[in-house]
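Only one chain comes next, encoded as structure tokens, the form predicted on its own.
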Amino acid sequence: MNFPSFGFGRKRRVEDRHFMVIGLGRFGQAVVRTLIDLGFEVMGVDCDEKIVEHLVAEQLPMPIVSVDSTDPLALRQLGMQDFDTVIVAIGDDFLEQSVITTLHVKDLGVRHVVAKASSDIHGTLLKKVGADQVVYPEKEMGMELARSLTQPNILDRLELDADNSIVEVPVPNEYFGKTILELELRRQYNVSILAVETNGKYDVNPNPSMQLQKGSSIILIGTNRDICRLPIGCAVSDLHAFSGNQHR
């Protein structure tokens, strides 16, 4: 189902059309390429001329420049004020540069600044200097791997907060041929079915008379504890261990 990884409850910025990505390492390049694929206008910035030359040689449909992002004058000359969102994706080995860049970008009037952090302390510093959103890609990737290993029957999962989630799971064997009404999941487990997926198509707010079939999956919402009471092969500790309490 590919739930968004940046947080379900956060306000989406669909009006943004102009992005700048500062720091073109693996994470920054992934952000750049995805934004281009989605049809947005992007500028890439990195202080390493070799990285810039390499990306320019790829002929990506975007301007790419080599600039010292800790120099506020250089950033102003890039027309920073014209960008809706700036992503500071500077590598983990350059914490000071990351913080200083975030400070200058925000001071130059960019209304939405997203900054990549490598640790809780780094994230705290970024927030203190004005980052509107801090992301922890390495931590999130590690958590996702751990979830896939310990919760093999959960196809996808979205944390709403520390205690509540939306999950996609295969229809358990016990539910084959039964209707949603017969299962009484809300009464027995205090969870609700948001949708049923069959052959890649989602039936949202399914009719209670729908029979669940082998090969389909169900999208559930509820507390982590209640979800793990279902016959889906996970333990309460599996979901709780990766809750928002440990996410940051």
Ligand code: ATP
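In this text, residue numbers run from 1 along the sequence as written. What you are looking at is a predicted structure, and each value in this text was computed from that prediction instead of being measured.
Not pictured, yet referred to below: the form predicted in complex with the named molecule.
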{"item": "Proximity to the named molecule in the model of the complex (heavy atom, within 4.5 Å), stretch among 105-113, 158-166, 90-98, 173-181", "value": "90-98"}
{"item": "is_contact(Lys214, the named molecule) in the model of the complex, heavy atom dist at most 4.5 Å", "value": "no"}
{"item": "Distance check, Arg186 to the named molecule in the model of the complex, heavy atom within 4.5 Å", "value": "no"}
{"item": "4.5 angstroms heavy atom contact with the named molecule in the model of the complex for His54", "value": "no"}
{"item": "Contact label in the model of the complex: Leu24 to the named molecule, heavy atom within 4.5 Å", "value": "yes"}
{"item": "Selected contact from Cys47, Ile193, Ile36, Met43, since only one has a non-hydrogen atom within 4.5 angstroms of the named molecule in the model of the complex", "value": "Cys47"}
{"item": "Residues from 61-88 in contact with the named molecule (non-hydrogen atom within 4.5 Å) in the model of the complex", "value": "Val67, Asp68, Ser69, Thr70"}
